[in-house]
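One chain is shown next in structure tokens, namely the form predicted on its own.
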Amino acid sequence: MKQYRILIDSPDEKGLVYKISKIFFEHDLNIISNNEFVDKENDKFFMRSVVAGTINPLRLEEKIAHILSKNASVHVIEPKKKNIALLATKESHALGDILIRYEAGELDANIVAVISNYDLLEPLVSKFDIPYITVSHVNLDRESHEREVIKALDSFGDLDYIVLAKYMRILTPNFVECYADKIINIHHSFLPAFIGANPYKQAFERGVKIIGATAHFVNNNLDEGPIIAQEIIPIDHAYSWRDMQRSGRDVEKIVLSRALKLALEDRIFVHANKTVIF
């Protein structure tokens, strides 16, 4: 039997779990897993269910939507590989980690392309038989460069996610709007305390005791989009700033891949610049 993921985002009201489960029963669907959460401050109900059976997804969406508020949303998703593109600049650690996981079959995705404003990473990407497109920013203003990047992305059809694998370019509101809630970024957790050139050296000079990374969806506030995943590791006075940088890159790889996996498995709800993750 096929499995389906049901994602529900609704104003909260009494009996929702019962009503939704009753529909599953009426359609002879077996519940494989079920998670729900109520944001009491905003009276919001979130539910992610995995069911197995034979159904018409659109018909099931209509049945569930009928019992929910008009402001609710429901999606019945048949799991399949999602199409993603990776954007990179010069650093290889985050990009390389994703490519290795992809080659090992750990990511339920099709990587359609890697796009960069430099050609430095093309030898790495070519080992994985994935298209590599260089869209240079030289002699282009930011908007013109982004138009070229969007043109390259659009050539691969509809994309489910765009992953910024240390893509060191600030995106304009126009670009973000084109891919709302579809752009996943990774950054070191020193931001915003250590902004600008060489944040690890700045952190070293302040004597920090932990370093980490944050993966988040991109919005128009720099590095302030809804957080998907975070991780930290302890350090001490014996670390040089280069030691901190190496450790930080390890954490960045882990956190970015974790966030991408959550997105690919339809486990993330975005609400009020925060995420609910099942």
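Here, rigid core means the biggest group of C-alpha atoms that superpose within 1.5 Å across both forms. The first residue of the shown sequence is 1; numbering continues from there. In this text the structure is predicted, and so the values were computed from the model without any measurement.
The same protein has a further form, the form predicted in complex with a further copy of the same chain, not shown here; the description that follows concerns it.
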property: Proximity to a further copy of the same chain in the predicted complex, single hit among Phe156, Tyr132, Tyr179, Phe204 (heavy atom within 4.5 Å); result: Phe204
property: In the predicted complex, the residue from His75, Arg169, Lys127, Lys151 that sits within 4.5 Å of a further copy of the same chain by heavy atoms; result: Lys127
property: Interface membership of Ala193, a further copy of the same chain in the predicted complex, 4.5 Å heavy atom rule; result: yes
property: 4.5 Å heavy atom contact, Ile228 and a further copy of the same chain in the predicted complex; result: yes
property: Exercise: Leu264 in contact with a further copy of the same chain in the predicted complex, heavy atom 4.5 Å; result: no
property: Close approach of Ile277 to a further copy of the same chain in the predicted complex, 4.5 Å, heavy atom; result: yes
property: Partner-facing stretch of 101 to 109, 169 to 177, 141 to 149, 78 to 86, counted where any non-hydrogen atom is within 4.5 angstroms of a further copy of the same chain in the predicted complex; result: 101 to 109
property: Residue shift check between the shown form and the other one, rigid core fit, Pro199 Cα at least 2 Å; result: yes
